[in-house]
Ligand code: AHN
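The chain that follows stands alone, in the form predicted on its own, written as C-alpha cells.
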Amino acid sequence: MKKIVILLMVLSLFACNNDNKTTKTAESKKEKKTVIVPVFNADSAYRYVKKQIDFGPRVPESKAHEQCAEWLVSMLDGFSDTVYVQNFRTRLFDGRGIDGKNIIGVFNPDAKKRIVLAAHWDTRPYADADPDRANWNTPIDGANDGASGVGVLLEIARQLHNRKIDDKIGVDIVLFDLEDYGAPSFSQYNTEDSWCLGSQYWSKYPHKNNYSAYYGILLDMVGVSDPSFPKEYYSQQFAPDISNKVWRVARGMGYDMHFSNELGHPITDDHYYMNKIAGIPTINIIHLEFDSPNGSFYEHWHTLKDDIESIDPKSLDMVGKVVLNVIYNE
C-alpha cells in the first residue's frame, strides 16, 4: 500500500556428480544472472524538466516552489512505495529563518541494501553570475542547475515502477531543497556552509531513524549539450570505489568522451554533506569545465540564461542510462 508520510522536523549452486561407479568432487558454480535494464526515455525526462520550469523559479517560500512541491510529491507517490515529505526550518547566510521541504520516494522499503539517488529541486534567488548586474537579484529558472537532475530521477522513478529492481536492493530518491540559497557573490556574508541546507538537514535527520545506505549518487547540472563529467574531487576522496564503478559503466557504454578519468575540482555540493555528516559514500555526477570563467561551471550557471533552451535530451538520456545500468546490475 502506498502512503505519504509527513515529517516535521541469485546465487544458484548446483553439483555435478558422475554415475554411481565414479565419484567426483562436486563443484559449485555461480549462475550468471540475466538482468534486464529498463529503457530510459529521454523525451519523458525532458518533459519532467520542462514541467518544473513552467512553474517558474522554485525559490523556497514562493508560490512556484509550493506548486512544484505538490507536483513532485504526486509524481513520486505514483511511482514509489512510500513518499516522505520532510518539512524543516533552517537559517540562511544572513540569519533569516526559512522553511524548506525535502521530498523522498522509497522503493523496496524492506530491503536492507539501499542506494540513494539525489538531486536538488530548488532554484537560486540570485542571478549573481549574470553578465548584467541589473539581474543579480533576479531568481533563475534553474533548468540545468537543479531541474535536469530532478527530471532524470523522475524518469528513473517511473522505470523503477514499471520494472521492479531486485528485491534485495532498495532505492531512495531524495530531492533536496534549499541547495542553492547560498550567500550571493555580491554580499559581505561568509559563504561557508550557507549552501546545501536541505542535504545538511537530511544528513543529520534522515527520513527514517538509523537510516543507512550502501552508497549514493548525486546528479547536478547534467542537461547541457556535450557535457563534461570528470571525476569530481570529493567523490574520489570519499567514495573512490563507487566513482570508479560508475565511470567504468559509463565508459563501457561508449560515453568515454563525456565521462573522463580526469580528476575534477572539489565542489561543495549535497554529496559533500552526505559523506561528511551522514557517512554515506556518495559521488557527484556534475558537469565541470577546466577552463570555465565561472569557477568550473558551465557558461550559463547562475544566470538568467539557465533556461529550457539549454537542455539537451541526449545528455539526460546518457546520464539516465548510466545510472539505471549501475543500480540494476548491483
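Start at 1 with the first residue shown and count on from there. None of the values given here were measured: they were computed from a predicted structure.
Omitted here: the form predicted together with the named molecule. The next part is about that form.
Proximity of Ile267 to the named molecule in the model of the complex, heavy atoms at 4.5 Å: Taking the distances in the model of the complex, the answer for Ile267 is yes, it comes within 4.5 Å of the named molecule.
Partner proximity in the model of the complex: Glu155 to the named molecule, non-hydrogen atom cutoff 4.5 Å: Outside the cut-off, so no.
Proximity of Glu232 to the named molecule in the model of the complex, heavy atoms at 4.5 Å: Output for Glu232 is no: heavy atoms all beyond 4.5 Å of the named molecule.
4.5 Å heavy atom contact, Glu179 to the named molecule in the model of the complex: Result yes; Glu179 sits at the interface with the named molecule in the model of the complex.
Residues Ala118, Asp172 and Tyr201 all lining the named molecule in the model of the complex, heavy atom within 4.5 Å: So, no: the whole triplet misses the named molecule.
Interface segment, criterion being heavy atoms within 4.5 Å of the named molecule in the model of the complex, picked from 130 to 138, 110 to 118, 245 to 253, 220 to 228: Looking at the other structure, the answer is 220 to 228.
Residue (of Tyr215, Phe259, Trp195, Phe88) lying close to the named molecule in the model of the complex, criterion heavy atoms within 4.5 Å: If I apply the 4.5 Å criterion carefully, the residue I get is Trp195.
Interface residue in the model of the complex among Phe297, Phe40, Tyr48, Tyr272, criterion: non-hydrogen atom within 4.5 angstroms of the named molecule: Contact with the named molecule in the model of the complex is made by Phe297 alone.
Stretch 298 to 322 - residues with a heavy atom within 4.5 Å of the named molecule in the model of the complex: Residues within 4.5 Å: Trp301, His302.
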